[in-house]
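So this first bit is one chain, no partners, the form predicted alone, shown in structure tokens.
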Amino acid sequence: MNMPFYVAPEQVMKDRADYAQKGIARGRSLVALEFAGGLLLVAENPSRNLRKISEIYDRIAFGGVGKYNEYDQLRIAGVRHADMKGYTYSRDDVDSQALANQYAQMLGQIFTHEMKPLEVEILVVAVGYCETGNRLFHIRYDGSVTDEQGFAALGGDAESIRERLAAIDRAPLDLGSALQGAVAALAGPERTLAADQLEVAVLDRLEEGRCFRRLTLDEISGLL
């Protein structure tokens, strides 16, 4: 009987991480940024139908980069989880941190035990009733979670985008200034992104009930 080849666990984990990272890096990026009225989410996405940014619940939104069918499955699972919890208990009991923990457990389980990890990074954001109540949870392919402060960047050349976001003046931004800064960070110094290449949504702090609003092409053009 032939003996199977031995592969060290460290090498298996490294190979899975490399595989996931390469898949994510091939995709276009997404950023989230706090502004005076709430939270802004911007993705480089020329498609009008395949969405990277979506609503999860009243004050919670979802962003995903990487393989579309995989992060869309996670989006659907998050909507179902939030709906069930809100229906069983109260709408106020639907919590972004609990949802981020749920996603982290799912991704960590798949990364550890399945042959192929999910080629995704996701963002769960919630707008608070005041600026200190905003939450931005960045969940990676291996289930690790980062509680981001002020802004977050996923996919593509995320490190360079984070550096450009960090350079934005942290004084309270209006929506137009926040969008211009986010788009400049996404594009970098050598490109220009037009309105029809962007997907933009906001979580409006002042709204009652559902706070998620997707910006139209005319609104994006006007703000840019």
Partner chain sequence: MSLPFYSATDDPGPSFAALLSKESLQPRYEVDSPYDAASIMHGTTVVAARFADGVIIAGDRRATSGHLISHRTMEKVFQADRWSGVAISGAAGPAIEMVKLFQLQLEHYEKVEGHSLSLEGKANQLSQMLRAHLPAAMQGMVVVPIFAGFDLRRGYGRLFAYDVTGGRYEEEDYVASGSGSLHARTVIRLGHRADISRDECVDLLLKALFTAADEDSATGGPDSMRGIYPIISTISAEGYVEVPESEVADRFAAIIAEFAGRA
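Positions refer to the first chain, counted from 1. The shown structure was predicted, so the numbers you read here are calculated from the model rather than taken from an experiment.
There is also a form predicted together with its partner chain; it is not shown, and the following applies to it.
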query: Segment assignment from 123-131, 150-158, 136-144, 68-76: heavy atom within 4.5 Å of its partner chain in the predicted complex; finding: 68-76
query: R28, R164 and S177 all contacting its partner chain in the predicted complex, non-hydrogen atom within 4.5 Å; finding: no
query: Contact test in the predicted complex: Y57 vs its partner chain, heavy atoms, 4.5 Å; finding: yes
query: Partner contact for D83 in the predicted complex: its partner chain, 4.5 angstroms, heavy atom; finding: yes
query: K116 within 4.5 Å of its partner chain in the predicted complex, heavy atoms; finding: no
query: Proximity of K14 to its partner chain in the predicted complex, heavy atoms at 4.5 Å; finding: no
query: Within 195-224, the residues that have a heavy atom no more than 4.5 Å from its partner chain in the predicted complex; finding: R210
